[in-house]
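Below you will find one chain, with nothing else, as C-alpha cells; this is the form predicted alone, and questions on how it binds or moves follow later.
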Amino acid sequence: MSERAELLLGIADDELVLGWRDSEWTGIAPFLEEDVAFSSIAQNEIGHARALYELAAQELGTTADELAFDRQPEEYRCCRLVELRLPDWEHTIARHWLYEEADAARLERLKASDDPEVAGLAEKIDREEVYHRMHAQMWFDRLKDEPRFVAAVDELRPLIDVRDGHSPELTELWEQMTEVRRSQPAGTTW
C-alpha cells in the first residue's frame, strides 16, 4: 500500500471512529444545544471520513464503504484517542479539544501538500472543521480551570498519535458499526 493511501486511511479512520463516538452524545448531552452540536459534528466527521475513503479507494481499487466497514478492527489505523467510549462530559470535551487541535495542525500540513487532490480535500474539510475548533475552544475556555477537566486532558493527551495497536473498545465499536453490513450475504447491493 502506498504512503498516500496509508495516510488517507489513518485520517479517515480517525474521522469515522470519532464521528461514531461523538454521535453517542446525541440525546444524552448535558444541554439540548449540545445534543444538536455533537450530532452535527459527528455527521461532519463521518462525511469527512467518506471523502477520505473515496480518495483512498480510487488508488486501492475498492470502494469507500468497503474500506470503512469490511476491514477487521485490527486493520484500522485510527489513534487510540478516538476509540475510547467516554461516558463523562469532561473526558469527552478533553478529547474534542485535543483532537481538534491536532487535526488543525494535520490539515495545515495536508493543505500544503504537493498532491492537488489531497490539498483540495484538506481545504474543503478545514472549512467545516473551523466550527468544530470554535466549539471545542469554547468548551476549553469554560472548563480550563476545572480540576477534573485538566486531569482528563492530561490523561488523554498521550493517546493523540498512538497508532500501534488498539484498545478493546475499538472491537466493540466495530461490532456496532458493521452490524447491519455483516448481517447481509456477501455481494448484497444496497
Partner chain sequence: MGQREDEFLEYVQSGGQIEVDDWMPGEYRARLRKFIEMHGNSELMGVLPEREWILRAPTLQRKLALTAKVQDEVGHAQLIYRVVEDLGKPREQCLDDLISGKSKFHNVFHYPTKTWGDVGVIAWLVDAAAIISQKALLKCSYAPYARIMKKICWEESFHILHGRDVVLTLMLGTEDQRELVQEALNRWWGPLMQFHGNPIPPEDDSMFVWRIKSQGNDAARQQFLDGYVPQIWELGLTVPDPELRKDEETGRWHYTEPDWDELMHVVTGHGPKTADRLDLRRAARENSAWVRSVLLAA
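Numbering follows the first chain given and starts at 1. All figures in this text were calculated on a predicted structure; none of them were measured in a lab.
The following text describes the form predicted in complex with the partner chain, which does not appear among the structures shown.
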Quiz item: Might Arg163 be said to contact the partner chain in the model of the complex, defining contact as any heavy atom within 4.5 Å?
Solution: no
Quiz item: Any chance Leu143 has a heavy atom within 4.5 Å of the partner chain in the model of the complex?
Solution: yes
Practice problem: Spell out, yes or no, whether the shortest heavy atom distance between Trp89 and the partner chain in the model of the complex is within 4.5 Å. | Solution: yes
Quiz item: Any of the heavy atoms of Asp126 lying within 4.5 Å of the partner chain in the model of the complex?
Solution: no
Practice problem: Answer with one of Leu60, Ile46, Ala151, Leu159: the residue that has a non-hydrogen atom within 4.5 Å of the partner chain in the model of the complex. | Solution: Ile46
Quiz prompt | the partner chain in the model of the complex: contacted by all of Ser2, Ala102 and Leu110, heavy atom 4.5 Å | solution = no
Practice problem: Can you check 102-110, 76-84, 89-97, 115-123 and let me know which stretch has heavy atoms within 4.5 Å of the partner chain in the model of the complex? | Solution: 89-97
Self-check item: Any residue of 16-42 that, in the model of the complex, places a heavy atom within 4.5 Å of the partner chain
Solution: Leu16, Trp20, Ser23, Glu24, Thr26, Gly27, Ile28, Pro30, Phe31, Leu32, Glu33, Asp35, Val36, Ser39, Ser40
